[in-house]
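There is one chain below, alone, in structure tokens, taken in the form predicted on its own.
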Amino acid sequence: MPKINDYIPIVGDDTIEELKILGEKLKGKVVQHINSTSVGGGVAEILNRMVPLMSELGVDTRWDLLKGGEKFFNITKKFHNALHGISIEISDDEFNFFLQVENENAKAINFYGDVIFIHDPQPIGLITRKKDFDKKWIWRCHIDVSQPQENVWQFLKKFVEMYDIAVFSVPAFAKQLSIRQVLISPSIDPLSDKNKDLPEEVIDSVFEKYKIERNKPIITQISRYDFLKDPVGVIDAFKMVRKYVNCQLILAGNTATDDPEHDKVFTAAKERAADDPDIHLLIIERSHNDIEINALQRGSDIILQKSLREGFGLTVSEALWKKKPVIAGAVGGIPLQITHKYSGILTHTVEGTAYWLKQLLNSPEYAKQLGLNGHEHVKNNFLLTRHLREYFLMFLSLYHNTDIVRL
């Protein structure tokens, strides 16, 4: 695991020195993160990198998990889709079962932190214990709630407004709330296994493992198998492009323990691929996940993130950090990462995605420049050190009486 000083060559001495000063101001405070899974998905990935660095900077930071079974996570997946604006039926029994699991966890969890940092809807109901403890409570929303299904949002809003602060990733996600809101974008760790430089022989070995030849252009999308990531649409766009350019497609992802839809989506993608030898559907084992994803991105010519809805889409920043041209859906937090035709390409349809794939495959110098511009944008805006700074400033704001927080 990298130490904080290892980031100096990337972000500079001044950035790291400021983090150390902020950490010193928070010394003695305990931050307790709580979410629903330790593996799979962007939240777990960020916390795996952030928790040890916060602790090294002098802020005692720990991480606990909510407990829930298959029925609970099926319900919270419905919440997730509904908050993204997908129309979905949720029964009174399901709402009540959600509350039952929240209450069981609220009684079982030891709330020891000075700051209780709750991530996403799954553990949102733990706030009912706020009245029992003199703590500061933060709810962090990592998903797109700009156009939610109203009954689900109103159900959750009652809990949200019990927190001291609500954190959103993108200005468009902010809501009308009675509590303070803070806008903080997610980040990538440039020194993690998923993002660090790799020797060419490591990249070659991963492609050899999956029996993928590198003798023609490779288009890759790295995502969980989730309908909102539109893997079927990716396959359709690829098939349009291959009529004109001899190329191949990789769809690769792992599973998240709190996402019950994986098998259904993977099956749908497999059926659409129809045993096409140029379409590679990969499920990356967790034990090899980060290095292999890194290698697949670095060995590809173009990276896709054709999301239909998206909280932020960290795979975009991951690919741009590797100086790869990225074509992505113009949804959620992706437009913060990509300026269209400057640091990547934004699309809205399968046909538009196919058009730009063909353009970039036929214009490699332009594609290369998009990747270079994107790398610089990520370096300036979406690295872990910026994320740490903004969290530390937010924690400090909890202990100062002010109505305005400038991060």
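Note that the coordinates shown come from a computational prediction; the quantities given were computed from them, not determined experimentally. Residues carry their position along the shown sequence, with the first being 1.
What follows is about the form predicted in complex with a small molecule, which we do not show.
Put simply, of K194, R140, K324, K306 only one has a heavy atom within 4.5 Å of the small molecule in the predicted bound form, and it is K194. Among R272, R224, K157, R180, the residue placing a heavy atom within 4.5 Å of the small molecule in the predicted bound form is R224. Across the options 93 to 101, 311 to 319, 272 to 280, 232 to 240, residues that bring heavy atoms within 4.5 Å of the small molecule in the predicted bound form belong to 311 to 319. Taking the partner from elsewhere, D64 is found to have every heavy atom lying beyond 4.5 Å of the small molecule in the predicted bound form. Proximity of V152 to the small molecule in the predicted bound form: non-hydrogen atoms within 4.5 Å are absent; the residue sits far from the partner.
Taking non-hydrogen atoms only, A252 approaches the small molecule to within 4.5 angstroms in the predicted bound form. Within this chain, V167 is remote from the site of the small molecule in the predicted bound form, having no heavy atom within 4.5 Å.
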